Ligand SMILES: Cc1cc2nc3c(=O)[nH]c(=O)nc-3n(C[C@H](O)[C@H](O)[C@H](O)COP(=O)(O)O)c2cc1C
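Here's a solo chain for you in structure tokens, the form predicted alone.
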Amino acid sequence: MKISIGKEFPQYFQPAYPEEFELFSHFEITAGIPTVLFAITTWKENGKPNVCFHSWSCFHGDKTAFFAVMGNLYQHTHTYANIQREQCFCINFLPISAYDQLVATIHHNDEETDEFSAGHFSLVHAKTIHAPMIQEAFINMECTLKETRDLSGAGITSMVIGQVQHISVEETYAQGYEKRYGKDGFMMLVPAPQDLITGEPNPSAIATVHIEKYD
């Protein structure tokens, strides 16, 4: 038997924190689909570097181009304004050991804050665009803005599509599976899976990739 959840909010769903269902669709914690975590880095209008800890994204393309498709980027944020103004951004992949540093940039994100300093990250300049990059990241992606789209039309979030112009990979991560997967590799967000029977919430989880099979 399958449990059916429709567009209307299930009144028995209990929030994990007061504003949860003001920020997120109930479908997110119904499905609990994991996605990769990373840092978006941009320049603020005053020249301070900005860090945005983000997920809800995918990466794909064809032989002509490669794209970073970032969903659920809030339109009221520095990051969204910076991307619109500069028409570019960097994506930085860090291991789970950097989680607390990245969370620190969420709690210290005023307009005047140097968020690289807040997270104790080293700043380097992108090679092809006007954006800062995190030196400690094992992969940096330099992206120009391709498109933004407010999918819901509510003026809350946007899907931001970047076209990848350049990728830098730390040498120790450059040979196949070694280091990219496991505790030193990609960090994943597992959105808090709601108990669909009782409606009780669960915390979100942070995961790493464990390879089960080679295809």
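No experiment lies behind these values; they were computed from the predicted model shown. Just count from 1 along the sequence shown to find any residue number.
Omitted from view is the form predicted together with the ligand, to which the following refers.
Each of C52, N109 and L189 is positioned with at least one heavy atom within 4.5 Å of the ligand in the predicted bound form. Contact between Q101 and the ligand in the predicted bound form is not found at the 4.5 Å heavy atom cutoff. Proximity of T105 to the ligand in the predicted bound form: non-hydrogen atoms within 4.5 Å are present.
Heavy atoms of I29 never reach within 4.5 Å of the ligand in the predicted bound form, leaving it off the interface.
Shown alone here, V160 lies farther than 4.5 Å from the ligand in the predicted bound form, counting heavy atoms only. Look at 70 to 78, 127 to 135, 88 to 96, 140 to 148: in the predicted bound form, residues with non-hydrogen atoms within 4.5 angstroms of the ligand sit in 70 to 78.
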